[in-house]
Every structure is written in C-alpha cells, then in structure tokens.
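Starting off, we have a lone chain in the form predicted alone, written out as structure tokens.
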C-alpha cells in the first residue's frame, strides 16, 4: 500500500491500530541536540507535540583536532540525561537517537557513546554523511513538491547536498562545512576580518568545485534545511515585515542571503544578538552559515531556495512511519499536497463524507464555468480542493465562528507542499465560506495582483456548495451548470427532499452574481438514488 493511500484509506485501518502512539527522535548534532516528540496514528495522521533543545557545541575545538573535548562531552551527557528523564516521565518508549558530524568524525566517539548509554540508557546510532543526507532527502520529499533539483542540509558540523531526479536521490555528498566548524576554522576575530571571510569563501568554493553534478538545469529547484537556513529565513522575514510566522515554504533569495551576509560581517557577536529575529545562541555562527549558504547557491546558479523546516529528525520518523521502503519504494507520500491536507483533516476530526462531497461539488462547478467567465484556472483546482476539504475543521474548536477558527488552524499549522500564497488563499476561503466579503487584509502581501477577484469567485463556489449540502446528507448528488455571459442556469440533481438546498442556496445567490456577473437560476431535478 503506498503512503498516500495509507493516509487516506480509512476503511483499511483497524480500530486497534488507530490508537495514538508517541515517538521521540533525538538529533545529536554538532551545535545543538534536539529531541522532538511525534504523536501519530499509524497509517492515518501525525504531528509534532513537543520539542526540547540544548546547545551543546559538540564540535567545539574539532577544527583543530578530531576529538570530542571534555567540556563538550559533559554538556552532551547532561542533555542526554534530561532527554532520558523526559521520555521516562512522559511514558515514551520508542526512542531513536542519531549522532551526526561531530560525533561521527571524533576519534573518541565509541567511548563517548558508551558513556551516554551507560548513564542514560540511550543507544545512539552514528549516521554516515550519506545516511544523514538521505534522511534530509526524505524530509524534503515528504514536505515539499521538489521533484527535480537539490536538497541542501546544513548543520553545525557538516553540509549535505543531494541531487534529486523524479523524486529519487541519484547523488549525495557530505562536506565538513557546518557553521560551527567554519566559524572555528576561519572566523576567529570579533568582528570577523575581511581577510577571514575571504579565506572561508575560497575554502567553500574549493570544496564545491569538484561537484560536476551540482548545477541548476531547467526545471530544477533548491530546497534548504537546517538551523542555519531557518535562521537566514527568519532574519529575512523580519526585515520585510512578512505577514506569516511560518518558515516552511518561505522563498529565500540569493540577494537576501548576500545582503544578510554583508550586514552580519560588519557586526560583533554582541551586536548580532540584537538583530531582529536572531537567535542568541546562533549569533556567533550566523555569519559563517550565511557565507556557506551563499556560496552553495552561487555554485549551483540558484537565485532562490525554498526553506524546509523539517530535516533529519523528520526523515527518521517517516522511515519508521511508513517502513524502511527500499530502492524501489522510498518511504514517502506519492502526493505531498494531498497528504498534508488529509493529515490536517484527520488531526481535527473532519466530517469526511460532507467534506468530500463539498470538494466534489466545488470542482464540478469550477470545471463547468467557461474559462472566459472565471478568474481562476485549472492551476487553482488544488487550492479549491484543499479549502473544500478543510472548510469545517474549525468546528473542532467550536461551531460558532468555526470559519475563523479554521482559518487560524490552517495559517498556524501550515500545509507542507503548498506555497505561502496558496496557503493564504486556502485560509481566506475557509475564513469566508459562511459569510462576509473576502478581504485579504494582513495577508495581502502574499497574494498575486489578480488574486482579489480570483478569491471572491472561489469563495462563491465554496459557499454555494456548502449551502447545496446544508443538510449534510448528500441529497444533491451533483450540479449541472449552463452559463451565458449574463445567466448561469444551475440544475441540482436531487435524490431526496429539495426544500433545504433550495432555501439555503436562495440566501447566497446574490454573492454568486457579485462574483461572476451572472444571475443565478436554480432548478431542482429529481433523480433516482
């Protein structure tokens, strides 16, 4: 069974398997150790429910000698003790711990991991550079629409690059170009001197020079993961007063990275800590991160990258959630956008039959309206479908104002695979599916020039479909639309009582006319069930 069908086919899931489970994944990184807790229902839904992080700087001093320093080992051991106690107190027994660059490269890794196991019971797996790149690849494949291009994953100790063709990994490499290692090896002054920055830049270029498979081709895009990429995205968002507090899916341009690198280069570490959006614990390594990311984009000839807030941790989760897969079937969704919508639907216990019927009615009407009479195109059908499936999830909070609650949930939970513009359109459709004139308000900067008119028409279809199935009984099987420039004749294929849909539609005909400039004539047509 493929991953998308696993998530969408409820009939194939036994009641016993729907019991929620919790998994802890510990990322023993070179800069920070992070623990995430994922609550999941096998084959149905999942969400991150907790996160703990401790800055341990395991890679401290390793630019000079590949040995873990006593102070760093003590910091890591303390973090591991906290994580073990947290899992024990929370009743989490499924724990996956993975060590990356600093521990991987350390000559004393075995002795140290034996100490961690003895003191905490945590058995850590040391990932090779290729394995680390693979898990970053899985995270990108399950949360973005990348089909052809590259995944950049930058941590404190290393940088991974993976080439993707038709959603499969065809080449990968790991470089010791993490932000901690680059800072210690090159940027030793405060502030860094131009000579130091130039030396780091030339070093990165020399490392990347041999990659003949890393170059943008037509149809290729770049996805960026890791704390350094997220930090740059956060700084860029703060600079432009970005209307969403979501990093995943944000488009970070080469120009923004170049500008941030130039700004950070002029500041001391203390001054960087005061930059809006800066994380204090990353201030000292932020410049090196910017230099490396900029050079990776320059070498690949990419003018922008798409930020992925997931990474190695989530990649490990997907492998466990779907099974290890294999060369023929990597553990990933076949359709990320649809899977992310269904995941959110299940998390907020949507009314499945009603939502699916609304989606059918909306898309049926959308296809029957002549292209010259509508502002939306077939490219928007996925947005129409997503809003239709999610329009009532706010009821999980409260029926009253559930349109507002639903929009809030969508904007804050996010929909991996959709752009921020599409996310805004979906949330706005849900926000206005009951009443009111659509107003983008604070989300306007995310929309395209003609999206105001497009939004009104898409809301009109969703609102009309909601009224057609107002009784939530599927009594109107389908809709037939015949449109002229001035009139839309709508036939409702009714299998039951027609009174409720006719009454409900009558109250919203004017909004349809406002959206499309056509009068709406509604005709019930009885059909056999």
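Note that the coordinates shown come from a computational prediction; the quantities given were computed from them, not determined experimentally. Positions refer to the first chain, counted from 1.
What comes next is about the form predicted in complex with another copy of the chain, which is not displayed.
With the partner omitted here, the stretch from 134 to 142, 112 to 120, 393 to 401, 451 to 459 that lies within 4.5 Å of another copy of the chain by heavy atoms in the predicted bound form is 393 to 401. Proximity of residue 86 to another copy of the chain in the predicted bound form: non-hydrogen atoms within 4.5 Å are present.
For the chain shown alone, residue 408 is a contact residue for another copy of the chain in the predicted bound form, at least one non-hydrogen atom being within 4.5 angstroms.
Contact annotation for residue 41: none of its heavy atoms lies within 4.5 Å of another copy of the chain in the predicted bound form. In the predicted bound form, another copy of the chain sits within 4.5 Å of a heavy atom belonging to residue 47.
Not one of 236, 262 and 372 comes within 4.5 Å of another copy of the chain in the predicted bound form, counting any heavy atom. Think of it this way: in the predicted bound form, another copy of the chain has a heavy atom of just one of 82, 147, 270, 171 within 4.5 Å, and the residue is 82. Though another copy of the chain is absent from this view, in the predicted bound form it lies within 4.5 Å of a heavy atom of just one residue from 67, 52, 487, 493, which is 52.
Shown without its partner, the chain has 470, 471, 472, 473 in segment 465 to 495 as residues with a non-hydrogen atom within 4.5 angstroms of another copy of the chain in the predicted bound form.
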